[in-house]
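Next comes just one chain, in structure tokens: the form predicted on its own.
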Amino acid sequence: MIDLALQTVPGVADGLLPAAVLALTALLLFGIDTINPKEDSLALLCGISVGGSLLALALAGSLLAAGYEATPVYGDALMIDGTSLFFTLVFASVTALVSVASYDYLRDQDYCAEFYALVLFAATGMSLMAAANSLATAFVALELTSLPSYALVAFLKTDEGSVEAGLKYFLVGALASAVLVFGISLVYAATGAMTFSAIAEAMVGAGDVAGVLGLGVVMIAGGVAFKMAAVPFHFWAPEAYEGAPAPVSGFLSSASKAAGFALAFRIFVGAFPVEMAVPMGVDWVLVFQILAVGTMTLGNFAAATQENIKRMLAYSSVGHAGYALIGLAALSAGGPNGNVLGASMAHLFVYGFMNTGAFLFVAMAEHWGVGRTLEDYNGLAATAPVASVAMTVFMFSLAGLPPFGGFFSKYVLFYAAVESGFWWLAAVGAVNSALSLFYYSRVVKALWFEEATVPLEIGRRPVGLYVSVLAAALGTLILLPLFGPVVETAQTVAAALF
């Protein structure tokens, strides 16, 4: 039925199916919960959520592999192309991992259907953010992602830390949305357009209002930087990630962050082409260069001082946002822009597996009653060697050590920056990556080389969490031989944006 409805608009059905599957799966979960609200159906809810995510993943992957042609739909409000499908792969993969892990995490919780539905609605909004081709659509998709995210962070209603984190996240998010809307209004006042291509065309004659346009662009950059958790818009992230359920922390730090980058790539490449914006004095590339350096440096230095594992991973995710920002900070008129932007996309793809897996390991430790400090992880490998091997893979991959996936994604990203003439960005990234090895290795040392301070009794092994952690580790390792095709695909679809 859905396929037939979408077929009424030529060229729309296939491209919109992944997002439609995510949305319909969320509605199906609500329907089941409405019919049988008191039935113990966690396994069914989890199965439907995972099934919908994997179906969306398969659809996006098959369309991307088939070389889906860019198709504007709904009056150019959305652009379904390789970039939107590539990012949908990231969102669907993380959603599937989080859904499996949440089976154990939600076993003693109420409102399980609502939890899974919120995750899928947020994933739907992320898919639309990656396909946005209008500032109005971009804002609506951003809110569709943000509103469920606020509720997910505050999901543990009896936990003061979760409720406080959700409230802080909501207040800061509302402020960021207001800044973004104000920026959109200024851009519309200067250009009289909302779709990205129309804004780019209107910039030709907007020299007399370049100041208004420039202010609008800076405010839009601030709005999307909030979703990326880029400095100085990052201060919500450590509080939200620490207070939220660990699977939600992994979901937000991986999928939500990637969605922020997808939206930024769309807006700044499509609406404000660098070859037109910089000569007008609207140098948004400089803005992202400052954000990239500040985000990398502050994120890694802050992570190095943390004893709490979740806060360390939160600041680590801030640092990785700085690496990914090189994709925008190294753009130039006439440069190999598709290569550097595609390298950033490939890094976000690898990051989705290794960072989500790290947070899911923390969720497993919380399930066992292990504390959140480094000292609490001492000797954990003696009791849970398989899971500790997976965590070691995540830590070394996040640090960028060979031969793990994070090394290859960082190498390609830094090489693309040098190729674009921004060797100093690559140098800053390399120095920060070396610094990150210090705090990532502390986790590995605690797991394998430190003596446990107290005896640890694991008891029942959570099947869902084990499956998701091992799947994330396997995904990180599988990307080693497959990274070549991944980065080639990312650079190909990124080049089509220019």
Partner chain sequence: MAAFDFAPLIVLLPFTSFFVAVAAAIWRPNILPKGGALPGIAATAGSLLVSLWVAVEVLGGGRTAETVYVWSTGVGDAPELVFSLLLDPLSALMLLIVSLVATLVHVFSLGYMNDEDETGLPRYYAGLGLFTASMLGFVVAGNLLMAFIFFELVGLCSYLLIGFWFREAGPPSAAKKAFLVTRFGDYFFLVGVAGVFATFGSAAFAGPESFPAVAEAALTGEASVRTFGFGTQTWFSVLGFLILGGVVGKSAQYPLHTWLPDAMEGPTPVSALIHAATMVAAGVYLIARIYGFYALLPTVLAAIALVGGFTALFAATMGLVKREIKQVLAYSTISQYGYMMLGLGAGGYVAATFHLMTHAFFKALLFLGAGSVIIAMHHNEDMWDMGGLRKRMPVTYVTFLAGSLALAGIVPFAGFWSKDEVLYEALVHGLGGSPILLAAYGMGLVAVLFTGFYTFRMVLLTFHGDPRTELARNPHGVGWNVKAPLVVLGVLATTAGFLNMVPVHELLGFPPEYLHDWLAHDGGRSAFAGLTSEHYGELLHDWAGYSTVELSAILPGLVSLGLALLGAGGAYALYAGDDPEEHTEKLGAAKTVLYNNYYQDEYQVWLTDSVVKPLSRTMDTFDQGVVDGTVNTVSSVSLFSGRRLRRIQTGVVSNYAVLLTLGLTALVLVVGVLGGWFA
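Positions refer to the first chain, counted from 1. Everything quoted here is computed from the prediction, not taken from an experiment.
The same protein also exists as the form predicted in complex with its partner chain; that form is not shown, yet it is the one meant from here on.
Interface membership of G371, defined by any non-hydrogen atom within 4.5 Å of its partner chain in the model of the complex, is ruled out. Taking the partner from elsewhere, G211 is found to have a heavy atom lying within 4.5 Å of its partner chain in the model of the complex.
Although the partner is absent here, L55 lies well away from its partner chain in the model of the complex, with no heavy atom inside 4.5 Å. For the chain shown alone, F155 is not a contact residue for its partner chain in the model of the complex, no non-hydrogen atom being within 4.5 angstroms.
Just one listed stretch, out of 433-441, 464-472, 58-66, 43-51, contacts its partner chain in the model of the complex at the 4.5 Å heavy atom level, and that stretch is 433-441. Residue-level contacts in the model of the complex: of D376, D104, E239, D81, one residue has a heavy atom within 4.5 Å of its partner chain, and it is E239. When its partner chain is considered in the model of the complex, only one residue from Y315, F87, F353, F251 comes within 4.5 Å through any heavy atom, namely Y315. Of all the residues from 227-266, those having a non-hydrogen atom no more than 4.5 Å from its partner chain in the model of the complex are P232, F233, H234, F235, P238, E239.
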